[in-house]
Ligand SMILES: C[S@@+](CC[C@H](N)C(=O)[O-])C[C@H]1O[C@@H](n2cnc3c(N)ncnc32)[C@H](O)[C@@H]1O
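Take a look at this one chain, the form predicted alone, written out in structure tokens.
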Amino acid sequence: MTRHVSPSAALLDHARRMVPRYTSYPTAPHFSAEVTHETYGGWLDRLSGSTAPVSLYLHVPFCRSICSYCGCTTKAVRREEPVRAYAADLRREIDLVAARLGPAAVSHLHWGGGTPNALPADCLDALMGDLHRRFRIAADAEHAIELDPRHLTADGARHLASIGITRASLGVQTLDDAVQAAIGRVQPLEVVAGGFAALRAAGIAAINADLMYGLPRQTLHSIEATVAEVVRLAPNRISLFGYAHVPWMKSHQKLVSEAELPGAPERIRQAALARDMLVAGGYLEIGIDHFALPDDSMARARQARDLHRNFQGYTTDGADALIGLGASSISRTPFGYAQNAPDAAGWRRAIEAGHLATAKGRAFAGEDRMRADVIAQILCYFDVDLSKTAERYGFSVDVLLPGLADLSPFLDAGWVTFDGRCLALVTHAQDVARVVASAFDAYLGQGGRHSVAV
């Protein structure tokens, strides 16, 4: 475990810096329309026939209401018709992708949103039937879904278990009444606890809980109360995210009162308090924002240096290809990234025209894969052997060394060490890891706005 120290003026300066979350590299602001549906189709053709497993991500961009803090691609919908129409087009997209990719083996499935269980039960059944017909889903595949506890019933949990869900992620965020009111997501402890109970009664034992700090009206006291209750609920994994206030990207965040947002010092204290409580509660720290019980597969992967990072955050999914389905979803292949049209209407037009819905992406070139590996290791393990990593991709370590100049304040302060080969974060690691990683981002500053580092 790295050391946590009270925020200093120097740390606050770094915490206020705006840097990517690095769930991809190159990051999404550097995607372009040069990657077309023909480009992505060609990448799928090259993967066809491979014995290596792929993972699948299905995006469902619907919620019953929009929380003001939300950074997801989703919209509020009350009627069932548009959701059913979306499911029908999602089935068409599965066919289009499978026609190019072939009956690939699948090691991981993940439903995200939005609220994936906004899909009616018969639509979920039909989609799972298609996936089983078109792909070879491994018997031990992890099958995860993101859920809103306000809309999870005992019957709904049993249905999720019946279609093979093995892991569920519940959006808790906060249990403070005042904070819930400020973000438009009122869900008392009884509702959240009921969600845990329904999942466990249905046989879905692997449960994640998402928590947030830096929300409007949030205080150290509310963080303490929320974390204590969540530890008692004993999820297998916990994600602890800092609220990313990006109203220039998500217009509904303009409803958040900036005057009620905690400042950088308070955000750092909130994050540190939550981390300390989770560790005291028996959880192991995983990277910058995840925690897992010692017997969880993510904790074992961290110990074995077999942890990965993708658009869902930290994962045990080691597949070289992540196939995204649905509006706005992003696919990662060994050749580059391809993102579907972000709006459901544009995505639908492409699918109904009979071609893949790719709107933009980024082909890997030059040092991209090496730098992506360096950044991933920093965020997963807080250390990286720069020489060994460069050699693995056929480069000299010299191409990475200029990044050390940007890290001189951290090196001088002793927060980061470098012995000529290995770089290690030894103090404030969770707080500065994104800033340290950004030193190896060859595209930083070439476009795009990001959220604050802490």
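None of these values were measured; they are calculated from a predicted model. Numbers follow the displayed sequence, beginning with 1.
Beyond what is shown, the protein has a form predicted in complex with this ligand; the following relates to that form.
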Per-stretch contact check against this ligand in the predicted complex, the hit in 113-121, 297-305, 313-321, 158-166 (non-hydrogen atom, 4.5 angstroms): 113-121
Quick one: is residue 253 in contact with this ligand in the predicted complex, heavy atoms, 4.5 Å cut-off? yes
How about residue 214 - does it come within 4.5 Å of this ligand in the predicted complex, if we only consider non-hydrogen atoms? no
Partner proximity in the predicted complex: residue 241 to this ligand, non-hydrogen atom cutoff 4.5 Å: yes
Within a 4.5 Å heavy atom cut-off, is residue 173 in contact with this ligand in the predicted complex? yes
Can you work out whether this ligand is within 4.5 angstroms of a heavy atom in all three of 69, 72 and 146 in the predicted complex? yes
Listed residue that, although this ligand is not shown, lies within 4.5 Å of it in the predicted complex (heavy atoms), from 185, 237, 108, 371: 185
Scan 130, 266, 383, 210 and let me know which has any heavy atom within 4.5 Å of this ligand in the predicted complex. 210
